[in-house]
Structures are given as structure tokens and as C-alpha cells.
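Given as C-alpha cells, the chain that follows is alone and in the form predicted on its own.
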């Protein structure tokens, strides 16, 4: 089984799917969409797949998925032979993962939108979205710090799950909106841990671990 990903290389949400597929070592077809400056996501072809006009869009056979968290779930259930990325046999952990998938959606609307505003002059209330992003980063920092005190590292349980992948991109990309990670040591350690996962792939603005030695950011 394979799938198609309608993709924009600078999108954090599209990157979530590319990263998850890489970590699972899954081959797929990429269809580039000129989100900006071409606004191709508003073209009749994309709107026929996703009337909301958002990216990414994932198709497999007759299935069309337009919500990133649903795509991550489908990828884990379809391709993860270990069952650890979305552990359906562990209701408590699964509930925690689901909660953080919701948080990841919120993060897209705060840090993600702030990044769009700063990079592409996207219409947004800059003060409001950056305040929301700071609040979300603090929430994640407190949670990850609690995990460290419990002897853990990952968002939910002893290993990485789709919750980590869902929250990673817009956290890592928040400096694009002027939201640096200097005051978030637990987040910085977690970002390094995600980058250290076998199969990790980068995107513009998110470096490989060996590249970080030459940069001052995460």
C-alpha cells in the first residue's frame, strides 16, 4: 500500500507527515502544491479534494484525509509493526496521546500562525497569536519538565508517539516568529531527542543534529 501527499515544503503540518513516514520508513508519492505565492491550495483541483483548501491532503485509494492528526493516526495504524507510535492496547496512554494531538492543533493556530504572519505577512492579530504561542510553549515546557522529574522524556510514556511528532514542527519552528527556546530547557532537550530518532528528516528551518553545531538555535 502506498499513498499520495499533497505537500508544501515550508508547511509544518505537511512536514509532520513527511517526518512520520520517514520514521516508519514508508515510501509515498509527493505532489507539490504552490501554497505561496501561487495559492494553488485554492485551485479547483485541491478544493475538489479538500473544500477547506488546507494542506496537507493525503489520499490512499478512495480514502481522502485532510486533518493532520488523522493522517498521523492512520500512518501509525497502517505501517507501524511495533504498535508503539499509537498504542491501542494502552487506553490511558492513548488518551494522553489524543489530548496532546488536540494541543498540537492549538499550537498550529498559535505558533504556526505567528510564523506565517512573520514569514509571509499572513493576516493575523500578531500580538494575540504570539501571546497564545508563548502560553502554549509554556504549557509544553511544564509538561516536559514534569516528564523529566518522572524519569521520562517523551510527551506520553516511555517512548516517542505520534503526539511527539504532532507537537514537534511548530515548536521547533517557533523561532521563525521570534519565539526563541532559550527559556525552555525541557523543550530544547526534547527537540534534540526527536532529531536523534532513526530516520529523522529535516525541513527548511529545522536542522539535523550535526548541523546544529554550526548554528546558535535548536
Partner chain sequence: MSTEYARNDWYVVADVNQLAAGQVVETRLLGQPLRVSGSPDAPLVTTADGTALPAQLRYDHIWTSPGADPRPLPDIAEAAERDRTFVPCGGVRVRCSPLRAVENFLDIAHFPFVHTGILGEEPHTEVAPYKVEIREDVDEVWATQIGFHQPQAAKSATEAIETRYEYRVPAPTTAVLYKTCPPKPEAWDVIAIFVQPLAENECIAWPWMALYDEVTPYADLVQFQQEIFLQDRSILENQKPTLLPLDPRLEIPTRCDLTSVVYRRWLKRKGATYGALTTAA
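Positions refer to the first chain, counted from 1. The structure presented is a predicted model; accordingly, all values stated were derived computationally and were not measured.
Although it is not shown, the form predicted in complex with its partner chain is what the next lines describe.
In the model of the complex, every residue of the candidate spot (33, 37 and 119) has a heavy atom lying within 4.5 Å of its partner chain. Here is the short version: of 177, 165, 58, 155, the single residue with a heavy atom within 4.5 Å of its partner chain in the model of the complex is 177.
Shown alone, this chain has one stretch from 119-127, 105-113, 68-76, 81-89 that lies within 4.5 Å of its partner chain in the model of the complex by heavy atoms: 119-127. Although the partner is absent here, residue 197 lies well away from its partner chain in the model of the complex, with no heavy atom inside 4.5 Å. Using a 4.5 angstroms threshold between heavy atoms, residue 22 stays clear of its partner chain in the model of the complex. Although the partner is absent here, residue 8 lies within 4.5 Å of its partner chain in the model of the complex, judged by heavy atoms. Residues 204, 205, 207, 208, 210 of 195-210 are found to place at least one heavy atom within 4.5 Å of its partner chain in the model of the complex.
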